[in-house]
Each structure stands twice: as structure tokens, then as C-alpha cells.
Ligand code: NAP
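What follows is a single chain, given as C-alpha cells, in the form predicted on its own.
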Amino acid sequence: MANTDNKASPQHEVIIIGAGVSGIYQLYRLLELGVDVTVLEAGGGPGGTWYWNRYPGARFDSESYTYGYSFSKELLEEWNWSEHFAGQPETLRYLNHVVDKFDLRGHMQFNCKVKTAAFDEAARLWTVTLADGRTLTTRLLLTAIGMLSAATMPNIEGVESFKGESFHTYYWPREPVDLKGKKVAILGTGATAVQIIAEIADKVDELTVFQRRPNWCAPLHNSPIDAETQAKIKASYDEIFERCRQTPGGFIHGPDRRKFHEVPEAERLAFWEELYNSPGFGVWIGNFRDVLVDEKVNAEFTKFIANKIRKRVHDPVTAEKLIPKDHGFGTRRVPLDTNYYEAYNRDNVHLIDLNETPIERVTPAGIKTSDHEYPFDVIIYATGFDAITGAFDRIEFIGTNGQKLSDKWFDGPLTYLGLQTTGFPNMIILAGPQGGSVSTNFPRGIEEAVDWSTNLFKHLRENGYSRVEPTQEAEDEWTEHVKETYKYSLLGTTKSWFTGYNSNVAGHDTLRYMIYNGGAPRYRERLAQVAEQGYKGLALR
């Protein structure tokens, strides 16, 4: 941006925090404009969530060819996905390929953990302080720090006392972990645990799963991509991405607009069987629309899924423990599984219901519940994340008048378009709360946010603006609009990271309006409208 009013010159025009999917693409777009930009990444390389999450079984739940970037025809043509739902190693290779293909690595600084970022009102710039003691200044600060990047450990006494190997799944060791012949505990049955349990059940001596709250899961139905299919995918990318643009979730799966009660029962059941036996998220977001809107309709499909679990798990008692009783299918993000339920049919896999026998403490030898102490060689914490806002809380963002972002957002995020927040000028939030990407197929939403932010940057630069911030009126209106979107879906009716609940984080035990439920097309339309109206809602100086 132009240096106006004799304001101080920053070291960089733009600093991006995070070299994940959004940070990589934002860097590419800004370098196209010749911007002086650097990326600060806490990890030892690019990739974001795919750099950190190296646990066994980690993979996409959106089709590989809908997850990759769409901005380069050459990239689309040269990259071959090996599976319909790629695993973490392949995804990390892909992101490194993108970084190297477009010469982005030289603009990234790795092992750079940001401690604080403070806005200087007089100079109209941000000062970013790193854990290594360095400080950097920038006119514009872009956050690309991920929605699931603040791992949370359970509030259990004695975690540090365990003498064996233990780690949170997000921090799975870089070097291989030998689980063969080991007695392994895993805490949690969320999306990550569902992948790990199925992957390691036949490789360990004993696997004990400690479950607090079961999830509804459906089969992923992954398979390799053969040469013929690869060619068809490459020839159809325009259609694939257009399909993603038209669906509320940015996936190739969109809702069936027929009303549940308008379809005869036999036809409904046949449709549900087809969804259950098809790959990907169709079973969740390709269903009758009112399954995620009407509680009575949702209850009917929930019974259908519950019966599927009963058929897949041989022991009736175990099956019932794995069936959620406190929420309907699809009211939380659905984990897609590969032989997850079948793992419990193995003699070496044991399920402990923490509602019956809660954990009292972790001991040097293992885990003690209210009725038994279990010895383990390895403890795996699949205990999730302080989602969406957690990564912001772990950096001290200080705006105007000394206000801290963690204080402003304590009861829930307040934003304009999910991209900015008042009191924190010149900070653009990529993939943050209440934006379009968090509740969609992530890269599809990310490209929308990055493209819009890049155009905003061009507008600021071309017009000599050195300060941008939402008006209070615009922020209030958007926040109310986000709250309104929760009325359109059952996603806001249960405790999940979509609604800001996390029992491992103090103060996160009430509804917080974290996501935009209006759908990707509607969000995209709003972004375009704001830009066309001269960035209405933003105060530009």
C-alpha cells in the first residue's frame, strides 16, 4: 500500500502468519502483484494441518480432486492423485510440489512462532514479535493459522507422570512410532480417532479405546484412481469446480431438494442405501435437505444409521455404546470411516465407556478409571482442538487502545464477513470464524477468501489507503446475520466445534456462533456485493 500521511515505512508490505493451504495460495496471489511479503510458519515446512497431522490413517474426507487448488490449469494437468481420498503423505507432497513449482519457499520463514502482534495506531502498522526474539513490522497482517491447529489435552490429573510414550495426535512424532506388540490406549472417538483406530487395530497387541461421547460415522469407500479415471477427472475439472461452486458445502455433493415426506418409503430406503454405499459426504450433505433441518426427519435417518452400526458391530452391548444418544446424525461434522466399527469385532480391541467408569488419573504405568487401572506402553490423545478461535487465542493480538482479541472474542467471535474485526485495523482473517471456508470444503472456500482479500489489497494500494477496518455497524449486522443462519440448520443444536463447545477449554461451555451456515453460494454473493459497492462496511483511510 502507498505510504500516506508520512506514516512509518514497514519492513514488509504484508506478513502472512501460516504456510498451510490458505497461506500458500495467498502468498502466490500477492507475489503476482509484486508485493513485498513474507510468511511466518511455526512448523519446519509448509503444509499446515498436513504438516502436523502425521498420525496413521490421516486422510481427506473430501475427494482429492475437489481439494486441490483450482487456480492453475498447468498444475491440475500435471498432478495425479493416487486415491479418491488421499492420505496425509500424498497431500503433503502435493503442497510441497505447489510451493516449489511457483517458487514460494524463498518467501517463507519456518520454525517462526509468533508470540504477539500489536497495531501501532500512529504509524498504521503491525509489529510482530517472534518466539526467537525478533520483531518484524508490516502494513497489512494476514492470518492463515488454521481452524484446527490449537490442539487440546484432556483435563486429567497425572498426564505428565506417564513413563511410556504419549502424545496428542496433532503432534505425532516425525520419526516412525513402532506400535507392533504394544499395549496402546487412545482417548477419544472423534474424527481423528476414527481414522487411527481402524488403521492400527491389527498392528498392536492390545488397543483400549476410552470413549466419552460417540460420533455418528459413515463409510468413506475410498479406492485407487486408475489411469482411465485420472484422464476423465482431468478432462472434467471445469465441471467439477463449477459443481463445487453451486453446492452449499463446496463439495460435489449437494442436497436432494425433494421433501422427505413426498418420497415413498421404499424409494427413500433405496436412496439411503445408495448414499450409504457411495463414496464421500453424500450420505451427510447429499441427503434430503430436510434431514438436516427437520428434527423428526432427522430422527428417521438417524435410526437408519443406528441400525447400520448394529449390523457392523457383532457385540450388541458394544454397538449400543458406539451409538450416540444425545444428537442426531449429521448435526455434528460426520467422520467418514474405513472399517472403524469392524475394529471393535477384534479380540484385541476394547471399548471403555467413560460415562460408566470415568478416568480418575493417568499413572506412571497407564490409566486408572473408577474401577480399574490399565497398564499401557503408549497413550494417544485424540482429544481434539480448541477449534477456529483457539489458534487466535494462542497469539496475543493487540489492537487499538490496547484491546486484546482474546478478550473481545471470549464469549464468541465478532467479525465482518469473517474477514475482519473492529479495533484491529489492517488485519485480514483468512479461514477465521464466521467466514465461508470453515463450514465448507476448505480449499474451495479458501480460494474465495484469498481472491477477495487480494482484490481488497489492490484497491487499497491503488487508492493510497493505509488503514482499513470494519465499521461497528457492519460488524454488528454481520454478527446478527451469522446468528440467524443457525436457525436454518440442525448443526447449531448440539455441542460440537461448530458451535464452539470444548470441555477441555475454560469458558467454552456455551453456544458461540463460530461458523457461517448460509452456504457457499450465498457467502460468495455477499462478498461480491460488498466489493461492488466500494467495499461497503469498511472504513478506508
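Quick note: we count residues from 1 along the sequence shown, nothing fancier. Predicted, not measured: the structure shown is a model, and the values here were computed from it.
Just so you know, the form predicted in complex with the named molecule exists too; it's not on screen, but the next bit is about it.
*Asks:* Heavy atoms, 4.5 Å, the named molecule in the model of the complex: which of 205-213, 285-293, 237-245, 312-320 makes the cut? Say which one.
*Replies:* Residues of 205-213 come within 4.5 Å of the partner.
*Asks:* Given that the partner is absent here, does S503 sit within 4.5 Å of the named molecule in the model of the complex, heavy atoms only?
*Replies:* Yes, S503 sits close enough to the named molecule in the model of the complex that at least one of its heavy atoms falls within 4.5 Å.
*Asks:* Given that the named molecule is not shown alongside this chain, does E475 nevertheless sit within 4.5 Å of it in the model of the complex, heavy atom to heavy atom?
*Replies:* Because no heavy atom of E475 falls inside 4.5 Å of the named molecule in the model of the complex, the answer is no.
*Asks:* Can you tell me whether A193 touches the named molecule? I mean in the model of the complex, with a 4.5 angstroms heavy atom cut-off.
*Replies:* Taking the distances in the model of the complex, the answer for A193 is yes, it comes within 4.5 Å of the named molecule.
*Asks:* Test of understanding: in the model of the complex, would T189 fall inside 4.5 Å of the named molecule by heavy atoms?
*Replies:* Contact check for T189: yes, within 4.5 Å of the named molecule in the model of the complex.
*Asks:* Heavy atom within 4.5 Å of the named molecule in the model of the complex: which of G423, P154, P255, G328?
*Replies:* Contact check passes for P154.
*Asks:* I need to confirm a contact call. Of T383, N298, S439, S453, which residue comes within 4.5 Å of the named molecule in the model of the complex, counting heavy atoms only?
*Replies:* Residue within 4.5 Å of the partner: T383.
*Asks:* Need the contact residues for 23-58: heavy atom within 4.5 Å of the named molecule in the model of the complex, sequence order, or none if there are none.
*Replies:* The stretch touches the partner through Y55 alone.
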